[in-house]
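Shown below, as structure tokens, is a lone chain in the form predicted on its own; questions about how it binds or moves come after it.
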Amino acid sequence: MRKLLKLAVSAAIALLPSAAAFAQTDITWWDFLSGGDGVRMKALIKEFNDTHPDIKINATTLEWGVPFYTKVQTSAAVGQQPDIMTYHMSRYPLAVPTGILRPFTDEELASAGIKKENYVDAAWKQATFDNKVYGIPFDVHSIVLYYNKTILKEAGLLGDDGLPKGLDGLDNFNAALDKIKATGKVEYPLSLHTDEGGSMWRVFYTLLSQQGAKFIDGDQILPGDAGVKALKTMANWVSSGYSPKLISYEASIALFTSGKAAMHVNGVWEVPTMTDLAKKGELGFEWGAIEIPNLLGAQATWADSHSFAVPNSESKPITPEKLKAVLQVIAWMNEHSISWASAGHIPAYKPVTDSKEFKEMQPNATYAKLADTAVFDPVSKLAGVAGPIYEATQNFVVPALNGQLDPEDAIDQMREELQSQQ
């Protein structure tokens, strides 16, 4: 009887699932991704969870911008922070000095196979302060020039390769706008989102950087006259009737997609909009997108990056077990970022951008080279998404480019406003 009982107990134990086999590390994830970005990230998270039974990502999407960063700061202070979060790299200069981000050691990165040489250099540098790495870039997203191939061809501005020609140099670019206007086929040669500071900061900073100038140099804001030249260039596009005054984001896109504007400056994140409309047969023309032409002397384009970071909390720091899982998540996300590229973004992980699949992805592969000359926001507490520079652009640059303020006065007032906040 004892022998039978012993055998029965042994069999029962054998049927029980082992704790080790079903041990799972739960990871709390916060992001600010909505729209197409949100859909793609949720799909990546689901794929990771489905293929990694030992790790489960519990994801929450919060409001983009200041509310997100404020919540991260307050939650970390009381030990209720997530284990991993998305973070704009333009916000790092604000976050690092205040201790919001936990740096990764070389040993921690090596344990997950995360190597600097596999990432876009400009993005990796943006995450590095005093030789410490505070986050891992996921993409490079920038502004590009969308164009209507039909209109550009009629204006003599389309090459045999389907790419625009004759747009480099400000004089050539303005002459091209005149040629487009002369076709009589569009209301505007160029559509800009002229009523909002964030969009216009990206264009302004691009034109400033193309002059080899800095927005902040030491303790000086906008030294020299490069800022005035950049703003006058933008204001001229509006005053000359090349681009509309005080137009909303949605309306600026609609001008292009309806064929009423030949070109449009916007972020790469609108690539899915164009792709989807074209697939449905609702666009009415062939389109493309290229990096912003070199208008003022040097190839440069404003850029930012989504990145992955770990909040720093003195009251409840992340455990070694969770950190190991988080690094595994980050490495996997970058290795599988080809699907993220379909949102228009340029993957920061170079093995993906070097892949055959990415090189066949258009127009992404055409404008991907902008990552080599990308210019991130100034390293300053004034910079970053929804920061003081964005507000100052709204208050001074937007009125000036719409003819409500003299460009020189606007730059003086912008300089004075930001200087007082340094």
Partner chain sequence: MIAPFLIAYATVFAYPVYKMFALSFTDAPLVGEGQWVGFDNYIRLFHQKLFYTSVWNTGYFVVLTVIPNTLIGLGLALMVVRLKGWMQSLILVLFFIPYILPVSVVTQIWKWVLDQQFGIAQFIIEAFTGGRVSVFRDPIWAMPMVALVTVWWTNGFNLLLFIAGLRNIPHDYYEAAMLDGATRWQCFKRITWPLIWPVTALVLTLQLILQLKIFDQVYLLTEGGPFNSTYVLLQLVYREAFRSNHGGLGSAVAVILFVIIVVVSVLQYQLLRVRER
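Positions refer to the first chain, counted from 1. Here the rigid core means the biggest group of C-alpha atoms that line up within 1.5 Å when the two forms are laid on top of each other. What you are looking at is a predicted structure, and each value in this text was computed from that prediction instead of being measured.
The form predicted in complex with the partner chain exists for this protein as well; it is not shown, and the discussion that follows is about that form.
**Student:** Given the partner chain in the predicted bound form, answer whether the residues Pro67, Thr70 and Asn395 all have a heavy atom inside 4.5 Å of it.
**Tutor:** Result yes, every residue of the spot touches the partner chain.
**Student:** So in the predicted bound form, does Glu108 come within 4.5 Å of the partner chain, heavy atom to heavy atom?
**Tutor:** Glu108 lies outside the contact set for the partner chain.
**Student:** Is Asp83 a contact residue for the partner chain in the predicted bound form, using a 4.5 Å heavy atom cut-off?
**Tutor:** No.
**Student:** Wondering, does Ala77 line up within 4.5 Å of the partner chain in the predicted bound form on heavy atoms?
**Tutor:** Yes, Ala77 lies within 4.5 Å of the partner chain in the predicted bound form.
**Student:** Spell out, yes or no, whether the shortest heavy atom distance between Gln24 and the partner chain in the predicted bound form is within 4.5 Å.
**Tutor:** Gln24: no contact with the partner chain in the predicted bound form.
**Student:** Could you check which residue among Lys165, Lys132, Lys185, Lys245 gets a heavy atom within 4.5 Å of the partner chain in the predicted bound form?
**Tutor:** Selected option: Lys245.
**Student:** Within 4.5 Å of the partner chain in the predicted bound form, counting heavy atoms only, one of 384 to 392, 360 to 368, 32 to 40, 46 to 54 shows up; tell me which.
**Tutor:** Result for this chain: 384 to 392.
**Student:** Residue by residue through 108 to 130, which ones have a non-hydrogen atom no more than 4.5 angstroms from the partner chain in the predicted bound form?
**Tutor:** Contacts from 108 to 130: none.
**Student:** Rigid core fitted, then: does Thr70 show a CA shift of 2 angstroms or greater between the shown form and the other one?
**Tutor:** After core superposition, the C-alpha of Thr70 moves 2 Å or more between the shown form and the other one.
**Student:** After a rigid core superposition, would you say the CA of Thr273 moves by 2 angstroms or more between the shown form and the other one, or not?
**Tutor:** No; Thr273 is a residue whose C-alpha shifts by less than 2 Å between the shown form and the other one when the cores are overlaid.
**Student:** Taking the rigid core as reference, does the Cα of Ile100 move 2 Å or more between the shown form and the other one?
**Tutor:** Result for Ile100: yes, a 2 Å-plus shift.
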